[in-house]
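Here we start with a single chain on its own, the form predicted alone, put down as structure tokens.
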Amino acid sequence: MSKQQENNQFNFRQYAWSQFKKNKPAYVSLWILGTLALIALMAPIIANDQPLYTKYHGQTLFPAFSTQNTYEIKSEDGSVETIQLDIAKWKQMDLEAVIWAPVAYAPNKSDFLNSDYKAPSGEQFFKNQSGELVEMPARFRHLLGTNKKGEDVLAGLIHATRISLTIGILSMGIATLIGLIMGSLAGYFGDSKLYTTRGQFWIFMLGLILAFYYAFLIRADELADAIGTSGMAILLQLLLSLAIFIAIAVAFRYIGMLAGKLPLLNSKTNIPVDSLISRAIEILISIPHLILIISIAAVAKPSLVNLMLIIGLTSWTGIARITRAEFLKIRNLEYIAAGQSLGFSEARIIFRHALPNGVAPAFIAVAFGIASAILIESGLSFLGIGVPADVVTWGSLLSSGREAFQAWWLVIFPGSAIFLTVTVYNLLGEGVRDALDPRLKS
């Protein structure tokens, strides 16, 4: 790429960013999304029933950050007190110094004194260190109320932010990967440009199935544990699964190349890629999306990873269609012909040259897709399908409001969180679309 081309590319990026900033709703939505992402990453620190720092019997402890589940505290008289972190009643302990999380409660932890739907502004109770039942101190009030079990709604909303954003982003990451590959192949090869041996084709198809099985289904428990741990753990486990998928797919590709030399498997065959992928897209589109997802989720084992896979495997069609349309234009351009004349492999031309120039419109579909995935996850959680019962999500909080219509806070606050997040992603998608549309250039 020449210096002039680099300057043109840089100028277009500057122009797109300046156009995006002029769209005030989209620009504000970007900041709101950043805030939600920060809340998701910092959820264990923002809402936790264990102290961030405390001093007890002369010992400095960091329970919220501890990797062990028990502390052994030695008293002055030589006795040893064992504290189990997950069941210790920290608020009733005689702590010499303490720093609580901004929200001193955790999801799925019941405050039995304030069970049976305590309103945010209603009367709440607290048991002090002497065992007396007193009015709830302002520091420990349930600011958004509680549900039937006495679980803090605000803590549930904060931790559910991580679940909703993770499911939305990772499920659309799966859909984007599938959609870009399928759309690229369909648009570039069409129905008459891809020839291969029968052995290479069928062995590679078998390899893709095994790669998906070993990379995602076998590792479902590890991926589910990572979701409940931290954002970095999610990223590392996802990258490991992708590495396993790619390694198995590449290995079977080379095995197929060797098998394609055998007498019974070396016959050449034309693969109508565009027709096959287009028919698959039409079949998926013809089935009502939500009904298809509900049907699969009702049969599959309740798991966050399974839910992400279900949403991702059924949401790639729009991205594939957009990518296919772009490749139908790109494949006839001069730089594609130049790469072919230089002897570049088809994979190099598609993924290193054509795809970077045709991926921008797909990003718009991704932004809208994440909003759709969050809505689908919330809907399934509301119905009690697909998500484990012990996982707190916005949809499950909203569903608990059906049991008591007087508990308005269980409808208003989770519903507002869903509405805000979906609106932010939709406005963001519209802003990106307008910024990348050269017809709107002024």
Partner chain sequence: MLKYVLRRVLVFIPTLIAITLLGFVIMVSAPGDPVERMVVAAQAGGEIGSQTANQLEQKKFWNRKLGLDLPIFYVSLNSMSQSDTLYRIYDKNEQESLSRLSSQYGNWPAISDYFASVSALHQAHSSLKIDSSTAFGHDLNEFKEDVNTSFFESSSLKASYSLVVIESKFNKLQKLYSKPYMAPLKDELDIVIDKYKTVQETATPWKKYVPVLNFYSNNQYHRWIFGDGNWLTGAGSEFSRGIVRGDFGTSYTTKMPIQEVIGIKIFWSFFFSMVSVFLAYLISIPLGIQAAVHKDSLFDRVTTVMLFILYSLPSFFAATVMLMWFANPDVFHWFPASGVEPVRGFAENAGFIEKWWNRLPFLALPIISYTYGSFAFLSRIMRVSMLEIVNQDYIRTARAKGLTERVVIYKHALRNGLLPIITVFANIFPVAIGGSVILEVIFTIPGMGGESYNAIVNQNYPMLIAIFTITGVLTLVGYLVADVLYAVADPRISFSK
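What you are looking at is a predicted structure, and each value in this text was computed from that prediction instead of being measured. Numbering follows the first chain given and starts at 1. In this text, rigid core is short for the largest set of C-alphas that superpose within 1.5 Å between two forms.
Here the subject shifts to the form predicted together with the partner chain, a form of this protein not shown in this document.
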query	finding
Check all three, Leu210, Ile291 and Val411, heavy atom within 4.5 Å of the partner chain in the predicted complex	yes
Contact stretch among 174-182, 78-86, 327-335, 215-223 - heavy atom within 4.5 Å of the partner chain in the predicted complex	215-223
Option touching the partner chain, based on a heavy atom within 4.5 Å in the predicted complex, out of Ala40, Ile46, Ile385, Leu61	Ile385
Residue among Val391, Leu375, Leu52, Leu36 with a heavy atom within 4.5 Å of the partner chain in the predicted complex	Leu375
4.5 angstroms heavy atom contact with the partner chain in the predicted complex for Arg348	no
Residue contact check: Trp17 to the partner chain in the predicted complex, 4.5 Å heavy atom	no
4.5 Å heavy atom contact, Leu258 and the partner chain in the predicted complex	no
Partner contact for Ser295 in the predicted complex: the partner chain, 4.5 angstroms, heavy atom	yes
Those residues of 101-138 which, in the predicted complex, come within 4.5 Å of the partner chain by heavy atom	none
CA of Gly318, rigid core aligned, shift of 2 Å or more between the shown form and the other one	no
Glu135: Cα shift of 2 Å or greater between the shown form and the other one (core-aligned)	no
